[in-house]
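First structure 1, then structure 2: two forms of the same chain, each alone, as structure tokens.
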Structure 1
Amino acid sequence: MQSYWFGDVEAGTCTPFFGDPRAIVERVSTITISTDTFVPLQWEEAVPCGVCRDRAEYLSTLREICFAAAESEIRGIYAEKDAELLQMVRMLDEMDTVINLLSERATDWHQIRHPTFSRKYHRTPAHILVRNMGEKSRGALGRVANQIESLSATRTDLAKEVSGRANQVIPNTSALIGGLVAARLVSQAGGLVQLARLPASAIQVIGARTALFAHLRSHTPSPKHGIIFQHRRVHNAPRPVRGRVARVLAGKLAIAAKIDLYRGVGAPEFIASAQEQIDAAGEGTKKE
């Protein structure tokens, strides 16, 4: 017997399957086919089956079903809780780049207008400088500076939203490393499913691609940490134990990502014991 989307065909007789597109899609997904005995579909078989009268109707019915299937599949993928988080954190990182570029350019422009201006020995942070430019500069420069400032404000809001969303979507990973860095890990891995499938050693060096490949190619020292360096317990750890902290943290993150994917809720007892072990990794050799 051969099963097709419109019904089952056996020895020239067809048992049609009628239903709305969703029911047909449902049925098609349950059909299993062995490629050895498979006979490709001949559309003419659908006519005696009573599914369609002619070629045009055959194609339009099939199209309707395929559209329904694809649309529901896309909707399903986008509805996964990490889909929007991914876009949010990528937008955030993109905004950082843009804000820095624009600020640098605006400062250069400002220097031309003020030949005696120099940033040397000034403690003015870049965003204050931009604000001053916005208030004091004439014409386009002033307007650009104002735009940069409002972009920065949006960026700050977005950062809060990212870590808030991360706390909901990936509660355990966020608890270990903070929402923002957790979101970046998911983004770099390509999604929560992908992150949960990575071994701890890979999580440890996510974001250190150049160093990793330099190591693999020409035996430079292996990278100790990628973006997990952004976490305070890694970058505050004394140099000799920093690699160990990163390793233990990555190990716990690999477990946390799996809990986030398969359980989806916070696991306080796991977090507590994980935090303890990560702290212990940092303290062990503090006296050295």
Structure 2
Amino acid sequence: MQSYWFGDVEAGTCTPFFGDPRAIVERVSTITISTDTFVPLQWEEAVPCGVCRDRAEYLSTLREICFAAAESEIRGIYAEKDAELLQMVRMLDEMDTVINLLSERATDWHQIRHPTFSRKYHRTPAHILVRNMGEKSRGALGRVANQIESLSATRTDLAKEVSGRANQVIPNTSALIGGLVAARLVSQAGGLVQLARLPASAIQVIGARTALFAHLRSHTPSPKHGIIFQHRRVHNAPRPVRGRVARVLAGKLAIAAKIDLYRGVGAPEFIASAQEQIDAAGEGTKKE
């Protein structure tokens, strides 16, 4: 017997399956096929089942089934627990880009009005410059500066929400490197499933794409860390042991991601053990 989306065919006799497109999609997902005995489908076999009268009608019906299958797949992706987190991180990254570009452009505009401003520009943080421009500048520049500061405040609130959401979705990964860095790691990997499938060596250099390609093209030193450099245990580690710390941390993150994917709850004993091993990797000054 051969099972197809419209029914079961055996010895030239067709037993039709009746249902709406969603029911047919569910049926297709349960059909198991052996490549040794499978017979490719010909549209004419659907006619005895009453599915269609000609090829055009068969293709029209199959088109509806395909659309229903795509919709079901999309719904499944959006239902993943990390789907919203990915969008939040990407929005945060876009806001960072916009704020930086607008701050730079506003500073150039302000410098035109105040040519002696250049030395202060190199020593003053951008957010303080924007705040001062909003308070002291008149007209459009002042209004633009105020809007940039408002956008920066919104960005800060979003970063807090991203961190809180990450603590819920990826509790173990967040416990190791912090919610915000963990969320960026998942975003760069493409999702929690993809992150959990990566080896520790790949997790270690996520976010270091430019340095990695430079290493492959011109044989420069290979990168020892990517996004995980933002974690205090890595960037505060002495330079001779920084690569070792990043390697140990990446190994624990690979395990944490799998726990988050398959269990979805915190593992305090694992976190405590991992923290001890990461701290131990940072001790000493042995060069790699």
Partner chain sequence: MIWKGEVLVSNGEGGVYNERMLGGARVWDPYRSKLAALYYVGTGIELTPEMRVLYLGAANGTTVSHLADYTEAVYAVEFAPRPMQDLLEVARRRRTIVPIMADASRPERYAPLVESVDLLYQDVAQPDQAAIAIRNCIFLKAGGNLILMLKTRSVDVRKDPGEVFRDTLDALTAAGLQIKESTWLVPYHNDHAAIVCTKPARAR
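Residue 1 is the first residue of structure 1, and the numbers go on in sequence order from there. The term rigid core refers to the maximal set of C-alpha atoms that superpose within 1.5 Å between the two forms. Nothing here was measured: the structure is a model prediction, and the numbers come from that model.
The form predicted together with the partner chain appears here as structure 1; structure 2 is the other form of the chain.
When the chain is split into two rigid parts to describe its motion between the two structures, Ile74 and Ile148 fall into separate parts. Hinge motion between the two structures is captured by two rigid parts, the smaller swinging by 19° against the larger on C-alpha superposition. Shown is the Cα shift of Glu57 between the two structures after rigid core superposition, which amounts to 8.9 Å. Summarising the core-aligned comparison between the two structures, the C-alpha atom of Gln42 is found to shift 6.7 Å.
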